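Below you'll find only one chain, the form predicted on its own, shown as structure tokens.
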């Protein structure tokens, strides 16, 4: 009888993390460092094909991953520092530049290979003593839902996921370039698309054999056209869109795509459950803050659980609301900013186009405002 009771106790966990992506694995590792017993529900079917995504990560996200002993385990070719950012509007007279040097920073952001980061997190989870990978649901005091925007568990709880679908699609790929990237990220904000080139391949690719991570968002119909054409035609479209300002660009991978939206769950927590990452919120990728918001969720929930009263259970709804109060406001603010920028640069009226181009040039001359914008992005 005693052996049976011990076995039942061992089958119960402090936290069940549903979703084994970057946010889910990071949460499992972060909570395990508190000595909590974590069950990580591994996806039944692994994603097919290579992951061509590249993430822009701010200082807070890097600090979190460094604390989990994951960041320093990444190979040098998987992380690229962004020292400068150049943004252009519809015309040459509308541009904006950010510099790490002028902001007194070592870098503005880091561009990270999504697939390599996933592998490093998986390796860390494998050797974490307080994490058990499971393939079916197990009893736990708290269930953390990190399943992404299509979370089935969120739907099962009856939580509404309010969506504002833009009718746009993002295309991601890896590119080679005839020029060195010089640690510079480039963006073109135009009507109706947004093109981003993220420096890739580490420091060795800065001066030669450069590569970029591409994120190109546009209306659905145009995206489908670009996904259907061959590589040579796509390269030609890229050169036209970038005006040749980044050198000769060529596809170096398959093209991936996904629909774009802004979405937020109507409830982020309840008795014994909590939402994080894309299961709670989704924003447009034009500011590159989606993963940063998810990892900020991880940091906030970890801190909330660590600071709980000794008598309060992990799944106590009042406790979980403390986490929600920390995260809802900054997430909504970032969502409004990205959506506002999308609508501003999607407008085709000549007067609006002239206004936004002049506005970019004005901001470019105001160092205090640029410093404030940089700080907001780094701390989100």
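Since the model is a prediction, treat every value here as computed from it, not as a measurement. Positions refer to the first chain, counted from 1.
Keep in mind that the form predicted together with a small molecule is not shown, yet the notes after this line are about it.
* **Residue stretch of 330-338, 63-71, 313-321, 50-58 approaching the small molecule in the predicted complex, non-hydrogen atom distance within 4.5 Å** => Heavy-atom contact with the partner occurs in 50-58.
* To do: Check each of 290, 270, 247, 219 and return the one that places a heavy atom within 4.5 angstroms of the small molecule in the predicted complex.
  => Flagged contact: 290.
* Should residue 41 be counted as a contact of the small molecule in the predicted complex, where contact means heavy atoms within 4.5 Å? -> Close contact exists here: in the predicted complex, residue 41 approaches the small molecule to within 4.5 Å, heavy atoms only.
* Asked: With a 4.5 Å heavy atom cut-off, would you call residue 285 a contact of the small molecule in the predicted complex?
  -> Result yes; residue 285 sits at the interface with the small molecule in the predicted complex.
* Spell out, yes or no, whether the shortest heavy atom distance between residue 170 and the small molecule in the predicted complex is within 4.5 Å. => Output for residue 170 is yes: heavy atoms within 4.5 Å of the small molecule.
* Tell me, yes or no, whether residue 215 is in contact with the small molecule in the predicted complex, where a contact means a heavy atom of each within 4.5 Å. => Contact with the small molecule, yes.
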